[in-house]
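We begin with a single chain expressed as structure tokens, specifically the form predicted on its own.
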């Protein structure tokens, strides 16, 4: 059952209001999402906007109860909102791939979420397993094409279950989708340090690689102040942990982006502090923001999940709504609390998921410190440019 107005402050007497769909999902998803909503309450109080919230119950429980994955009713409700805050989906009770393809990938397609945006930033005081890495050297953004590639290419298997089994899996690459991703990457780089790196495998994936290279050259002609270069995806896996400072905005295809951003999350402290946004850039449907960590069913209900990824995803969400100041404040508050933790996850984290949400919310209210060159304000500027 869809629940409207869940925990939503009144919108009377304020000038800015946003309609927010909330998908808690499975495992630790509801826990980190609740923490993010606590942070959102603090941001609203400080910056003078309001949200009208609608809970949309998608995930394992709903699927096992009804047999439905993504119903027309749910899509209609999601479309009626300005943005979506998403927790995590995935459960050992459901065969892998059913929920992921039937809900997550289906949502991205239905809502035309062309870009998956994943920042890779090491904040001051946050531990990283990469020896000698400092925050000054680790501040990049991966722009991942979000609608094509191997994730939507057709596939089939013949002679399944026999020694003669043959599986084929295609990859789809269109000028249209590649151009959207590359154009967005150049727009973002224009707001940042002025460099775009294409990550692909052009020496093996010759046809798809050539299309990506052609589009980059075409788009680059419109951005003369933005430098661009190219790195093979295998070389990226070597350069990223060793010299992340060489990258500013990385643009890549769906599969490669999925892989290298998990490596990027390790640099910034782990999956628990990694954020992402699935961006609809033409205004036809809402964008969706989610932490990268997944549902982690083994620790669900224990309070061991770090809500930082959800908090930083909320910051991306606020930036996309034009609430740039609130977004930067949430980013700063999350970074401040992260720096004080003895561990970044688990029983030794020093506080529960809910308690950390409260700490970040208090830091938003207090407004101490700030993050230099915040991606949140950069994203807000890009979104404003796309809307104009």
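Just so you know, these numbers come straight off a predicted model, no measurement behind them. Numbering follows the first chain given and starts at 1.
The following text describes the form predicted in complex with a small molecule, which does not appear among the structures shown.
Novice: Considering the small molecule in the predicted complex, find the one stretch among 73-81, 164-172, 219-227, 287-295 with heavy atoms no farther than 4.5 Å from it.
Specialist: Selected stretch: 287-295.
Novice: Please identify the residue among 100, 245, 190, 110 with any heavy atom within 4.5 Å of the small molecule in the predicted complex.
Specialist: Looking at 100, 245, 190, 110 one by one, just 100 meets the 4.5 Å heavy-atom criterion.
Novice: Select from the listed residues 199, 117, 89, 240 the one whose heavy atoms reach within 4.5 Å of the small molecule in the predicted complex.
Specialist: Result of the distance check: 89.
Novice: Decide whether residue 304 counts as a contact residue for the small molecule in the predicted complex under a heavy atom distance cut-off of 4.5 Å.
Specialist: It does: once the small molecule is placed as it appears in the predicted complex, residue 304 has a heavy atom within 4.5 Å of it.
Novice: Examine residue 38 and determine whether its closest non-hydrogen atom to the small molecule in the predicted complex is within 4.5 angstroms.
Specialist: No, no contact at 4.5 Å.
Novice: Quick check on residue 299: any heavy atom within 4.5 Å of the small molecule in the predicted complex?
Specialist: The answer is yes: residue 299 has a heavy atom within 4.5 Å of the small molecule.
Novice: When the contact criterion is heavy atoms within 4.5 Å, does residue 335 count as touching the small molecule in the predicted complex?
Specialist: Contact with the small molecule, no.
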